[in-house]
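Below sits a lone chain in structure tokens, taken as the form predicted alone.
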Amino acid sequence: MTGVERCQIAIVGAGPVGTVLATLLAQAGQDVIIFEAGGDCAQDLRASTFHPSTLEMLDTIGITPMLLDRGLKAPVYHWRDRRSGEVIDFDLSEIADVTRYPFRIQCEQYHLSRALADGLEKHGNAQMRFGRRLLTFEQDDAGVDLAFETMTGIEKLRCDYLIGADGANSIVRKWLGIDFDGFTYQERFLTLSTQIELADYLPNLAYVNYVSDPDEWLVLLRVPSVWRVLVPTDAAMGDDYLRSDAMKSGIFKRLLGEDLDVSTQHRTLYRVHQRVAKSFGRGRVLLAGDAAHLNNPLGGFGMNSGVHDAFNLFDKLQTTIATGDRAPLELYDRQRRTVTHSFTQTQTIDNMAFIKGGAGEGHERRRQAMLALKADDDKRRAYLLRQAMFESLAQAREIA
């Protein structure tokens, strides 16, 4: 295409996955452009947990110190029974021998995206382009032709490889025609953010708490500025009521045991999915992060697994660019798709079953299994390594 702008790698989506991958590529000397439909890196209020393995990875691109500075260290997290008050706690400091970061960092994901986007400006071979909505693309054996809508017209570009990191509603995945198999939970999830100090009302509260209850389970997460309270809701009640003061007040009255006028900074309502793309790419077009897989938030694996996608894909792209051999990209698909099914999807579905089942024989069996796990040193250590996502990385390396 004579006269059309070119780059080696185009990335659609300026979230954590896109900005991490772009930073890796730029630092390695590759010519990369990120295209984002919005005017800035999106302020997604859902993801806020960075696991130890992810912190290790991000340290290689120099961004972990920022997360440590802005975030809260959470070595301990709780599984709590709302009715009995029982707490089963796990402490990541037990795996300090395998990681420099034996804790979770609680920090909003947009801090990562925005810091990396700003940092890309120092690289002459990297660009951020906001206000560009992907319209279509076509690939051939030598590259990919892209068309973007801007406020004033259509921009065209040709790249060697295209990465779709454009989220759950990925236009890249849709144009590839790749099925997004799985299911959607019936409940709508409501997240309330408040500056009230929940620990003043709930004793022995960790920064990360999964609260089991058959009627209204909860996730209580502390980030530097607020507490986040995540609850399931009945979609039949309608969005206006679910975001209403009456809904908010009822949740906090049941949670705190007092009829307080709790102010909230955000009230976010969304659907939760368990879905995995049938393939993480075709030819010169690859998918990563939410564009490739979605899961419920219990365990904080969604964003982290997307960052793991980015590091794995970067490694494979480097080899493919250097040799022309596309077999490494096929290995990326096998490794990350297998791990998504065997770890992320399985673990998050199990977590949901535990937290929803606050009564009955099934819940009691899961409770006893969790107590037995905590009491066994070897099993507890293996569990902590799995929750810190080191096990999934090791599993991916074993896939040829």
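Position 1 is the first residue in the sequence shown; the rest follow in order. Everything quoted here is computed from the prediction, not taken from an experiment.
The same protein also has a form predicted together with a small molecule, omitted here; what follows describes it.
Asker: With the cut-off set at 4.5 Å between non-hydrogen atoms, does Tyr270 touch the small molecule in the predicted complex?
Answerer: Judged by the heavy-atom cut-off of 4.5 Å, Tyr270 is in contact with the small molecule in the predicted complex.
Asker: So, Arg228 and the small molecule: in the predicted complex, are they within 4.5 Å at any heavy atom pair?
Answerer: Contact with the small molecule, yes.
Asker: Taking the shortest heavy atom distance, is Gly167 within 4.5 Å of the small molecule in the predicted complex?
Answerer: It does: once the small molecule is placed as it appears in the predicted complex, Gly167 has a heavy atom within 4.5 Å of it.
Asker: Could you tell me if Ser48 has a non-hydrogen atom within 4.5 Å of the small molecule in the predicted complex?
Answerer: Flag for Ser48 set to yes.
Asker: Out of Leu21, Ile9, Ala388, Val12, which one falls within 4.5 Å of the small molecule in the predicted complex, going by heavy atoms?
Answerer: By the 4.5 Å heavy-atom cutoff, the listed residue in contact is Val12.
Asker: Check each of Ala206, Ile171, Val285, Met247 and return the one that places a heavy atom within 4.5 angstroms of the small molecule in the predicted complex.
Answerer: Answer to the contact question: Ile171.
Asker: Would the small molecule be touched by all three of His123, Gly281 and Asp333 in the predicted complex, meaning a heavy atom each within 4.5 Å?
Answerer: No: none of His123, Gly281 and Asp333 comes within 4.5 Å of the small molecule in the predicted complex.
Asker: Just one of 114 to 122, 129 to 137, 89 to 97, 250 to 258 has residues with a heavy atom within 4.5 Å of the small molecule in the predicted complex, so point it out.
Answerer: Within 4.5 Å of the partner lies stretch 129 to 137.
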